[in-house]
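Just one chain is shown here, as structure tokens, and it is the form predicted alone.
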């Protein structure tokens, strides 16, 4: 009767408090510069060392500039946060991949690509998009600063056990439709609170057919519908992706791990607290029109009518007013100002391949400022090894240095007030990309189409 989630969770239970939380063992703690300083300070004040320092990996990503990383960071707050993480990692004897380190990048990109994230693990980080790692068949979720300190001190965490939900997407995605579109479609249908209290397992033909990088994108956005996390059962694609990775098991350890990983799937008679079904053929390229990721629609559709109930009507109208849109209008053809390719959602090599496939033989529109930011130095190297940088350069684009970049306004890559940005990131809240900025979430293909046309364009028309 066990679900995939149950199997991993149960294997990590240290003890359970009657009618209270579970003490859960954590296999991997990822630390970045934003949510860790207070946790380290708490450890110092209590005179504690990290219980299992080899299980903790630190790297800056939110505050890092995407140009001139070899020079001191100009913004004082950002520089202080990045330097503080380096000092804390050194003081506590932790793995640290700092700026310009070949293993640096966005923590949720580096973890899987280096084999630090493995099937069957429990993984936490002081960042909501830790759900990304669930694509490898792990139980991964974001935690608060006090919980980061708890894991540092004990390698355990107190957690209430979430309910389970399975989202089945059957059938095959259409041409020009990606994992990002799948995720935005699900969030639009379920709403941003539709999975609150649940840990989601994605299943069905369309999910199995996704590449590992597509699965990482899908799980990344789980948090945007309120889920505690998202996960996908590991399969031959997962094993092939991990084989030979730097931190993955080797030799006999690999064979042993593989035998265990193959047991990590929900049983045929597994019972979920909730099941949902979608048809992949109903999904077209998606774009958001509002100020939360649930306010999304197919790119050919019209913005929905204003809801009738008072509370929903006010927030819906406020959102449209902020975006400068009206109910009933189409977004196709609307001019935009910025295009951002990157983030822990879409900063991987496949995302750059998808973007390049649209812009190849075309040129960036004059009205567009484009930021193309790899999720890690490894991704940047692969872009160059495959010659994608040349295709992009010929089309008028340049590749920046790795980091979270314009996903959130914590570094120099900010969208100016009132400007529209088609962004491959995960959140479109008011001011998320800069005070007064207006964000339209979309896939790499849709971002590329906007970049060469200067306006919102159905990427299928350019394929």
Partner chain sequence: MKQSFHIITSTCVPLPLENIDTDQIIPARFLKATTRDEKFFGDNLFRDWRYRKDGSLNPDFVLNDARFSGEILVAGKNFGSGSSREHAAWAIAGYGFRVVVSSFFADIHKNNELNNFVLPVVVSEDFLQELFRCIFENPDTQVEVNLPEQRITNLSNGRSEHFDINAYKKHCLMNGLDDIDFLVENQDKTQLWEQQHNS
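Positions refer to the first chain, counted from 1. Remember, predicted model here, so these are calculated numbers, not experimental data.
Omitted here: the form predicted together with the partner chain. The next part is about that form.
Please tell me whether any heavy atom belonging to residue 156 falls inside 4.5 Å of a heavy atom of the partner chain, as the geometry stands in the predicted complex.
Residue 156: contacts the partner chain in the predicted complex.
Does the 4.5 Å heavy atom contact test between residue 318 and the partner chain in the predicted complex come out positive?
So residue 318 counts as contacting the partner chain.
Partner proximity in the predicted complex: residue 249 to the partner chain, non-hydrogen atom cutoff 4.5 Å
Close contact is absent here: in the predicted complex, residue 249 is far from the partner chain, nothing within 4.5 Å, heavy atoms only.
4.5 angstroms heavy atom contact with the partner chain in the predicted complex for residue 127:
Because a heavy atom of residue 127 falls inside 4.5 Å of the partner chain in the predicted complex, the answer is yes.
Segment that reaches the partner chain in the predicted complex - one of 191-199, 343-351, 382-390, 92-100, heavy atoms within 4.5 Å:
Correct option: 191-199.
So, a 4.5 angstroms cut-off on heavy atom distances: do all three of 176, 334 and 425 pass it with respect to the partner chain in the predicted complex?
Heavy-atom distance to the partner chain in the predicted complex: none of the three under 4.5 Å.
Using a 4.5 Å heavy atom cut-off, which residue among 292, 238, 164, 266 comes into contact with the partner chain in the predicted complex?
In short, 292.
Considering the partner chain in the predicted complex, which of 312, 205, 357, 367 comes within 4.5 Å of it through any heavy atom?
Looking at the other structure, the residue within range turns out to be 312.
Pick out the residues of 51-84 whose heavy atoms come within 4.5 Å of the partner chain in the predicted complex.
Result: 51, 52, 55, 63, 75, 77, 78, 80, 81, 84.
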